Ligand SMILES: O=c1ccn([C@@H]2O[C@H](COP(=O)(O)OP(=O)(O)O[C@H]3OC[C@@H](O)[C@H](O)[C@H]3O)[C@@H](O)[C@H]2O)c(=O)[nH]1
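The chain below stands alone, shown as structure tokens; this is the form predicted alone.
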Amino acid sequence: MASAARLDLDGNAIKPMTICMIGAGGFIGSHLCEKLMAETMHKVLAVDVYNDKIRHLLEPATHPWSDRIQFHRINIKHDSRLEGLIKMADLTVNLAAICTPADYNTRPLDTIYSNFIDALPVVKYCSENNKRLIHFSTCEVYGKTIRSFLPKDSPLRQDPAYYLLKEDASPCIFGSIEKQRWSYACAKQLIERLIYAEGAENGLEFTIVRPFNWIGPRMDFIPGIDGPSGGVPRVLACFSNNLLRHEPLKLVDGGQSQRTFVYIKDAIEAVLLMIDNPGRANGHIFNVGNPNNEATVRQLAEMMTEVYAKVSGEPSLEVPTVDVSSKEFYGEGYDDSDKRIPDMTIINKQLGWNPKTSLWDLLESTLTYQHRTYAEAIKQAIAKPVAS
């Protein structure tokens, strides 16, 4: 149990605060709630439609932190109680979003409304009531790198100046309008600009977080088990689902896109630093990722296949991967960025944060959880006869 004598980065005592956390029941929210309950004296007003991933924090009522977390079942699209909760809090953390790539093409309107329109009242209430805001954006706001527009044989493609993503310098380059894959990134960029403008014109105290592929237990969903049967989760959960079902991993357009991955527990350390150090975090946009954990999607599939064989004790498939086109997998209008490497200068300077966990270790932790949680349910689902 945390004591009250915690110090910030400047040696000052951290006073307990009340945090309105919107999207507390999701992947990131559940880990952040755990961290706050275990290591701080902060109080959380947990706002979400579902609480499955934080139920272990809410029940039983005899937990030592039970008086510091309250769950409010609210859909922020149309609930007048939201402003009251923001007024009660010292800080609002907004995690709510549609953030699954398969939805960007098939549900572009919902994606835009969720990530821009639904976020507008949150920003407005924080600004009007002089409440601090930590808003979660995405690394997708950067879009494509300058590198991707250079000739394939250009030596400049290897120059970090053309692909390293910097919060205060890199352009945001999206595809054409008919490429609806960019609906998410565009909505997220616009809400970032609005928050920044509220800070400049009306004095809103804000921090914007740009996550770069946060990975760990409880991320995303497994189709047909704890999510829709026809749903398509993000890449790591997609691959986990294939591994659990002993199916080949599908590589979209050959799996050549490059990504970096950071362990959720490392990333939550960064968020706690932002919460506890407003003087260092306010007014900043922070990349939160691990540039040392870079892999192509194909390399990720190969490593996950190897790690899963280790944690499950099951042999790998003879043909572990298959190539599919982006049109076949995501539908019309899909487009992608080639490479996403975060520059870490600002977060290191302001908060002294650096990630620690290697790609192998974070995959081992995640796949151990996935196997322990879902393997038996999937076996039963596969064995269950289909109704005629």
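Predicted model, so just to flag it, every value in this text is computed and none were measured. All residue numbers are counted from 1 along the displayed sequence.
Beyond the structure shown, there is the form predicted in complex with the named molecule, which is absent from this document and is the topic of what follows.
In short, of 170-178, 277-285, 312-320, 132-140 it is 132-140 that has heavy atoms within 4.5 Å of the named molecule in the model of the complex.
Using a 4.5 Å cut-off to the named molecule in the model of the complex, not one of Glu39, Leu272 and Trp353 places a heavy atom inside that distance. Though the named molecule is absent from this view, in the model of the complex it lies within 4.5 Å of a heavy atom of just one residue from Arg157, Lys144, Arg234, Arg107, which is Arg234. Comment: the named molecule is not present in this chain, but in the model of the complex one of Pro223, Pro291, Pro217, Pro101 has a heavy atom within 4.5 Å of it, namely Pro101. In the model of the complex, at least one heavy atom of Tyr334 sits within 4.5 Å of a heavy atom of the named molecule. Although the partner is absent here, Phe329 is a contact residue: one of its heavy atoms lies within 4.5 angstroms of the named molecule in the model of the complex. The named molecule in the model of the complex is not approached by Tyr263, whose heavy atoms all lie more than 4.5 angstroms from it.
The named molecule in the model of the complex is not approached by Tyr308, whose heavy atoms all lie more than 4.5 angstroms from it. For the stretch 235-262, the set of residues having any non-hydrogen atom within 4.5 angstroms of the named molecule in the model of the complex comprises Val235, Cys238, Phe239, Lys250, Leu251, Val252, Ser257, Arg259, in sequence order.
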